[in-house]
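Coming up are structure 1 and structure 2: the same protein chain in two forms, each one given alone as structure tokens.
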Structure 1
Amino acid sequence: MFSFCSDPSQLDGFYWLSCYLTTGKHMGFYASFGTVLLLLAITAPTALAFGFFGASAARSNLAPLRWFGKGYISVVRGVPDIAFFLFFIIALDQGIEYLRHKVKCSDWDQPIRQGNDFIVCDAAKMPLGSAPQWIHESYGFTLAVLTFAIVFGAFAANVLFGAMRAVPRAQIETAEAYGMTRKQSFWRILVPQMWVYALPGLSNLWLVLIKATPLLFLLGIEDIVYWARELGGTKTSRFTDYPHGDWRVWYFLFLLVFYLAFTKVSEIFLELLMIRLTHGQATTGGEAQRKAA
């Protein structure tokens, strides 16, 4: 990176460290923080959407839809989430390939599961064997996002379901008295008011989601945990210009501090958001704001 980095063995102290921390591999490490933030940025709204549909389904008038919504919420609770992550990442992959196989290779006569193998025709492979590397990587990332969204969608559905029930009944009754249909009162009265009740649960969920991001490592993504293990391991001078001992403990200490800081910053922002959302609401918080103003 810097001009004085051409011969690291001659350097020491601060200069050595500044060269060491700017090697190509470390750039990969820093970029993987971007991966984590990208995951959060995509997963949070997707999971919220899943949650919204789950919660709406759970309070539907249609029995099968209601069972689906309630089943979705309660199955994810009883089982460790990491088992879901490990399950969905394979199950989604195989499910997609199976569907493509059914569509594209209808003349295929052999079974798909042969002993310990899962075999689909070449045209149904996802992504195609000939696809460039970046497609493989982004496909893996997409599957990971989808897995996160399914699991966290169930948690969000649980929170939103509770929030929808927490909106005072009188508000809905008023809407009905004004002649609104069920659909109108849902979108115009219930949905705008439920957020303030949902926010404590959703804030908690956001903090939980942040803390779940290192599990990306288990889904085969080259994330910060992968790089920390990779870079921290003992390096001899045969393979690198920057030999060092086992520094993994320092790398993980850095990750620990990163997550603590991230949590702290999130907590501050969520508190500000709560103050904003409470404004003008018929709750004790809103009442206190009104009196203070």
Structure 2
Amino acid sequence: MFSFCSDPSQLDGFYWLSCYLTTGKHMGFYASFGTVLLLLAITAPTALAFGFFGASAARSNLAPLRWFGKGYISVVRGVPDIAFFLFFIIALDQGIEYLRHKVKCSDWDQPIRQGNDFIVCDAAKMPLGSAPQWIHESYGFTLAVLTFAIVFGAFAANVLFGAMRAVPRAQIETAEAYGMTRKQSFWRILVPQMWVYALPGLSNLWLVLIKATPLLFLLGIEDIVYWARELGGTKTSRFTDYPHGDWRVWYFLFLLVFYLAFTKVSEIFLELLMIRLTHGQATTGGEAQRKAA
């Protein structure tokens, strides 16, 4: 990046470090923080949507829909996250390619399953082998977002289901007595009030989601953990212009500080949000605000 970085072997001290920290690989490391933040920005509302529909289905009067909602909550919450991530990514990817293979390569006369190999025609590959690199990265990122959303959506559904049941039944009955339909009482009475009961559980879920982002490394995405291990490992002059020893402890220490700082900012925001939601509510927090006023 700097003009004096043309010959790293002649550098020392601050100049060596400034050139080392501005190499192309380090730019990828810095960009990976944006990947993590983008994952959280997309996954959090998507998982919340999965959770809301899962909780709504679990309390439905229709038995099949209720079974589906409760089954989704129980099954996904009962499977270890890592096992679900690794299984679902492979299963979804192969499922997409299988459907494309049936449509695009109907004249294929060989078995798709050949021992341990899953083989489809080139036209069914997802994405295509000739596709640009950003297409491959976007496809992998999309699968990761969907997997995170399904997993954390099940936990969110369990939290929201409990929050819906925590809203006093008398308020729903009062709404119905005033002539509101079940749908109106759900959207106007139940949903606005359930968030104050759901926020503590959703807050914990958000912090768990933050800590789960390093799982991107297991899904083949070049996230901050991948780059920390890649850049921190021992480098010799034979493989790099900036040889150094095993610096992984410093890179992972930087990640530790990043996650702690991000968690602290999240806690402050969530605390302010809780104060806003409890204002005027018949809860302990709302009563404390009324007494303070």
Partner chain sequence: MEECLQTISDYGLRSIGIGQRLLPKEDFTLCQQITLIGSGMIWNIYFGILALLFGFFFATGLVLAKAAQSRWLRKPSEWFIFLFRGSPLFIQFFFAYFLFLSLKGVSPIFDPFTAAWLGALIVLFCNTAAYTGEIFYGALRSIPKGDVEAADAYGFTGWPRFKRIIWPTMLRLAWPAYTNEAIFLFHATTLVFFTGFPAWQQRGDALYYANYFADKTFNPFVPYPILAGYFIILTLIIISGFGFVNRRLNRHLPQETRSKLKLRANIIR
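Under this definition, the rigid core comprises the largest set of C-alpha atoms superposing within 1.5 Å between the forms. Please note that residue numbering is based on structure 1, beginning with 1 at the start of its sequence. None of the values given here were measured: they were computed from a predicted structure.
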| item | value |
| --- | --- |
| Form predicted in complex with the partner chain - which displayed structure it is | 1 |
| Threshold 2 Å Cα movement between the two structures for residue 123, core superposed | yes |
| Residue 108 C-alpha moves between the two structures by 2 Å or more, core aligned | yes |
